[in-house]
Each structure stands twice: as C-alpha cells, then as structure tokens.
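Quick setup: one chain, the form predicted on its own, written in structure tokens, and binding and motion questions come after.
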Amino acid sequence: MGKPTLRTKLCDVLGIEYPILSAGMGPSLVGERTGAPVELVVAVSEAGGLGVLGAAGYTVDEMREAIREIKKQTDKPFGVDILLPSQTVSAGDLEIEGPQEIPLSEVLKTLPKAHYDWMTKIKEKLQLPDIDVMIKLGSTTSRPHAAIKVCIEENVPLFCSGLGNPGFMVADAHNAGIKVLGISGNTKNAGRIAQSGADLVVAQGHEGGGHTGRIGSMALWPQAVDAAAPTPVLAAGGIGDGRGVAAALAVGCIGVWVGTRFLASVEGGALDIQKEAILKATDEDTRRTYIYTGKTSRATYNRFHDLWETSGLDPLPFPTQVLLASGMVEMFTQADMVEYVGPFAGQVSGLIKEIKPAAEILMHMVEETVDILTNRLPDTVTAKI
C-alpha cells in the first residue's frame, strides 16, 4: 500500500507533503528549554509536515544554534516561533551589560511587595526549598528585533509569531524569501494579521493549550476564514487526530497547527512528569488562567491554580508574571510536589492515551483524515445538489 495523499494549498505555499504543522510551543516556565525542540521539528518535517521550533525558551544566540542544528538534520522546510508582545516590540530590545545570567531568587525580589510577600508566605507554609536556578538574560522575547534579524540571516523558511502581530517585520521577511505566520484567538485579530501582510493566519480556539482566547474552535474557524480572506487560515485548538483535521478542512481552513498532541510525543520537549499529566487528563482537566504569564493561557489543572485563586492578587503584566510563576513552579518541582505542577496543554488531552513518535502521530492523522474524506463520509452521508 502506497503513502496516502493529502494536499491543500498550504502544501504548495510551504513546499510540504501534508498540511500539518507542529506548533512552536515554548517552555512551561522551568525544567525544560522548550516544548518544541530541534528533535520534534526534524521529526515532523521529515515525516512530511512542517515542524516549528519553540524559540521563546532560548536566548537569541541559542536560537541561532538551534536553527543551524535543524538544517544539519533535515533539508525539509521548518519554522521558528517567537513571541512579539506589542509593548516589548515598541520598547525595543533589552540591552544587556554585565552578567548574562542571574539567580532567579534575586530577580524575584524586584516583584511588587504584595506578590513577593505572598510567595514567601506560601514557601514557608508548604516548607518549600530555596530557589537555586539561574535564568539567562537576552531571551528572544526580551530581544525580539535581534531574534527576527537572526531568523532572516539564517533564512528560516517560515517565521511564526506565537503572540502579537508580525506585520512590522513582514516586508523584511519577504525580501529574504521568508513566509510569515501569525496566530489569533478572535476574528478581529485574524483580520488585522492578514491585513498586515502575513502569508498565513492561525485561528486558535479557546480549547488550545498555552496562550489562547475566548472563542471556541468551531465558531472561530469559519469566521476567521471570512475575516482573513483572501489570506489562508490554519486551524488550531482541539485537534488531536484525523477527525479534527477533517473538520478544519471542512470549514475552509487549508491546514492545521497542532500543539498538545505533539507535545505528548517521544520528541516533545515537555518533562516526563508533564507528559504523564497529559495522559492522565480528561477533557475537563485543564484551566484557562492568567497565573503563568499574565495573559490568558490554558494548562493542565493542578493545585497551584487553587493557591493563586485564593491569593487575592491581580496578575502582573507579561512577562513579569512569568517570573512569579517560574519561581513557584521551580520550588514545587524541587520539592517533588507534583500535584502543584502541570504543563501548558489543551482540552484535547482527553484524546491522548499514549506517548508515540511524532512521525507516527502525523501519519496516523493523515491516514485517518484521508479515510474520513474518502470512505467514512461517503458511507454515512448522502449529499446531492
């Protein structure tokens, strides 16, 4: 039996075999560098999809090294995802003088007093250990312009903005022959990203893990297709198998952007304890919260959520809230208090029962999608004009 065929316009735009992209997932705060490492990118691209590096967890120099490593391992197209929050882009890159890394414990002392005092209170109450982790300065998030420059210099095939509108860098990217993708959680921003000149828009429903919006996927996808037209739209949020892919294609999307299912793969960058949490989760075991980044994001439910909800505190602006959450998660991790730790993950977690190689996950999606479109629907649905 030959390989299945599943092609859309996206395959022609990106030069890939199947219209499936693995999301450029960043790190779940501490413990791992990124959710979408080099290994995952290579595995997905080699299997015929397009893997996207989650570069939010890297310094600019580390991102360049990762890009070059991907190129050593595959000649297939791939992408790089960084975060472009508008306030950071407008403020310009953080200039670093002196040490390139500092203790997280020292950084936490710069938090507002009420937040720092709350952390101290929880640390004492739960008898948590001291934080001994170092954090690197010069991340791609704090130096977005430098990160973009590196992506252009390294001729990355696809640049992805996991947060924010990439419109300001589209012209430079296009001059270098690079495609640009932006992600939106509502129709208004889908239209804005398209109008800014991006080549592709991802419409992510609130079911999705990580940063996510308020609109459900099946309501958002067709509205985003209309709002972004003629710019093509990819679907995200709640896609874990071929059924989700077929649904996305049916509403007019030309491909899919898949996160949680690839996070829970052999090559996914999540810690083993985080992958296990995804396997154990049902469709009701995630929460949409401000706790981790100051922006709405979805993660596997854990007792840290309960602590935060009873704190009486407002979330700090992104990325300051990341520091607070990183400190707390680091202490919980060191104390082996797994009930207080959970990864960014979507509601599709309930579909995931096994950790498998990324290539196997992708091919199962393709085969199931093809089966639905060519066999199951014709067998179960009668349609005539």
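Everything numeric in this text was worked out from a predicted model, so none of it was measured. Residue indices: 1-based, along the sequence shown.
What comes next is about the form predicted in complex with a small molecule, which does not appear here.
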Fill in the blank from the handout: Checked 209, 255, 79, 268 for heavy atoms within 4.5 Å of the small molecule in the predicted bound form; positive is 209
Practice task
Report whether the minimum heavy atom distance between residue 166 and the small molecule in the predicted bound form is within 4.5 Å.
Solution key: no
Problem - Close approach of residue 238 to the small molecule in the predicted bound form, 4.5 Å, heavy atom - result: yes
Problem - residue 58: touches the small molecule in the predicted bound form, heavy atom cutoff 4.5 angstroms - result: no
Exercise for the section: Using a 4.5 Å heavy atom cut-off, state whether residue 51 contacts the small molecule in the predicted bound form. Expected result: no
Handout entry: Segment assignment from 303-311, 241-249, 258-266, 286-294: heavy atom within 4.5 Å of the small molecule in the predicted bound form
Key = 258-266
